[in-house]
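Take a look at the structure tokens below, where one protein chain is shown in two forms, each on its own, as structure 1 and structure 2.
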Structure 1
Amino acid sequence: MPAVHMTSVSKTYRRRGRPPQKALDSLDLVVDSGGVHGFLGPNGSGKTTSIRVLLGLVRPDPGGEIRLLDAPVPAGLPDVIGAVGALVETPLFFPGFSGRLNLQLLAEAAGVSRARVEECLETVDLRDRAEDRFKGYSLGMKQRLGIAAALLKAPRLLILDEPSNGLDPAGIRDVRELIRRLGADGRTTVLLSSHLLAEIQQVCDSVSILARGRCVASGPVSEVLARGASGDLRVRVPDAAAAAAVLSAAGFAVAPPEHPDGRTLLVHGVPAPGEVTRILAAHGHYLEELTPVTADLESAFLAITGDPA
């Protein structure tokens, strides 16, 4: 059973005096249960709108189908909301209340015990500042309190929208570690929306990429990376110019030596790296280095979304 299943979901914002704005355009999204699923897309691609639709905050256009933990949204949302924790954009708490009181009020509303509040404050390392008012918190502390609130329900599905915002490097590391552990615990599915491509690459098992309100790529991170992979090889030999001539004669596309030392080549579109090794050795050029140029998620993302930036 997928944790999230969206089929042909559209959302058009209509504001008086402005043309309609299509935020989601027949979006299909499947997030399988378990693990960490990344949610990636340029600004305005529809990530936050998707999350708001999932949580029943925004009403989608008629026609699509949404299921959250197998319950239809929004009709069945009350049945599963107790198993869904969410942090959407900035944490929304009452500024005049302490961090602890803000969590206690949410816990009371859902019948969660006070002991659980203390556990979650401990988890995000806020117990010492729990009696301080929320408005006195730093951005990072606010974000940590938001994460604590999302964890209160010990959710089966945890939706985190930009959870690293405002955190210091140690905080970012801890949040990522926490997300990884949650994803690996076998009972929690984490949907992580982030603009930090490295974060998605480090933390997520699978990823969906949104562009212009549509899901343009989805699958395990390694597969999505492979779509952006170039098949390029970085080759280092004692005489790069001569080696380039040999490879060009053999039909390979070779870029001029890229390194100032004149010993490094870039060979494009190589289906079998062993062939390069064999040809160069046959002509007396012995390799000092042969490195596949691996695609990172940023490259894949830009290639898939067609974003020139």
Structure 2
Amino acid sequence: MPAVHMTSVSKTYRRRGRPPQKALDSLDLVVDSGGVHGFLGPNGSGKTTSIRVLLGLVRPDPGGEIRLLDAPVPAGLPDVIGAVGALVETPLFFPGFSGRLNLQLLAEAAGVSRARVEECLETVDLRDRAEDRFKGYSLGMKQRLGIAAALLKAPRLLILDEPSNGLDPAGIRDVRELIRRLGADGRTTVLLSSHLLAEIQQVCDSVSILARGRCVASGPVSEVLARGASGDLRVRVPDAAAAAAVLSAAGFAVAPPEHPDGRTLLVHGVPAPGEVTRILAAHGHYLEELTPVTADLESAFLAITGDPA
């Protein structure tokens, strides 16, 4: 059973004096249960609108179908919303209260035990700072406390919308490691919305890419990366200039040597790397290195959408 299933969902914003703006355009999205699913797209691609529609905070256009933990949205939301945790915007807490007291108040309102508060503080690595006032927390600590609040009810689905936004490198690292742990425990499906390509690539098992309100690619991260693979090879030989001439004469597209050692070439769009080896050896050039240029999520994003990442 998918944790999230959206079929042909659209959302059009209409404001007086402005043309209609389509934030979602027949969006199809499936998030399988378990692990961390990345929700990737540039700002304005429809990620936050999708999450708001999913949680019943925004009404979609007529038509389409939405299921959350196999319950229809919005009619079935009351039956499953208790199994969903979400951090959609900057978390709001009482600034003069400690992190622990803030969570205890939320737990009391939700009928959650104080023991669960301590578990969540431990999960987000805030036990040692739990008695500090919220206003003294760094932005990264505030985000982690927000994630702890979303975890209080031990959700089956945790939705995080741009949790690393505005964080310094240390804060990004801490949140990234936390998300990785949450996805690995097997109890919670994490839907991570982000425009940060590196964040998605480092922590997610699968990914959906949004562009202009539509899902343009979805699947395991390795499969999506493969769509952006270029077939480029990095080739190092003792005489790069002569090797480049040989490969060019054989019909390969070769970039001139740029590496400081003057012996490394970039050969573009190679369908069979063994051909490069064979041709060079036949002309007396023996490889010191032949390495495929690894695709990353940025190149895959550009190949799939044609948009700047």
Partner chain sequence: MSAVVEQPPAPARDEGYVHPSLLRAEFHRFRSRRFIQVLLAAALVGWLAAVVIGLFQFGEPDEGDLAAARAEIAQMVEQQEVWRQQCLDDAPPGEEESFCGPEITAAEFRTEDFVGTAPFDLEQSASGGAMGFGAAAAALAFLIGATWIGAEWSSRSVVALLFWVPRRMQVMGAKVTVLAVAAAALGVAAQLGWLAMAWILRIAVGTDDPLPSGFWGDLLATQGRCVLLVVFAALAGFGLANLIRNTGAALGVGFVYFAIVENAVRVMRPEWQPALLTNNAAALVAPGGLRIVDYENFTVDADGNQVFEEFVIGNLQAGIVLGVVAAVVIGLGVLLFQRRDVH
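If you're wondering where the values come from, they're calculated on a predicted model, not measured in any experiment. If you superpose the two forms and keep the largest set of C-alpha atoms that fall within 1.5 Å, you have the rigid core. Structure 1 provides the reference sequence; residues are numbered from 1 along it.
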{"query": "Number of the structure representing the form predicted together with its partner chain", "finding": "1"}
{"query": "Large Cα move at Gln202 between structures 1 and 2, threshold 2 Å, rigid core", "finding": "no"}
{"query": "Large Cα move at Glu119 between structures 1 and 2, threshold 2 Å, rigid core", "finding": "yes"}
{"query": "Estimated from C-alpha overlays, the smaller rigid part's rotation between structures 1 and 2 in whole degrees", "finding": "19"}
{"query": "Per-residue C-alpha deviation between structures 1 and 2 [Phe93; rigid core superposition; Å]", "finding": "4.1"}
{"query": "Cα shift between structures 1 and 2 at Val175, which is computed once both forms share a superposed rigid core (Å)", "finding": "2.3"}
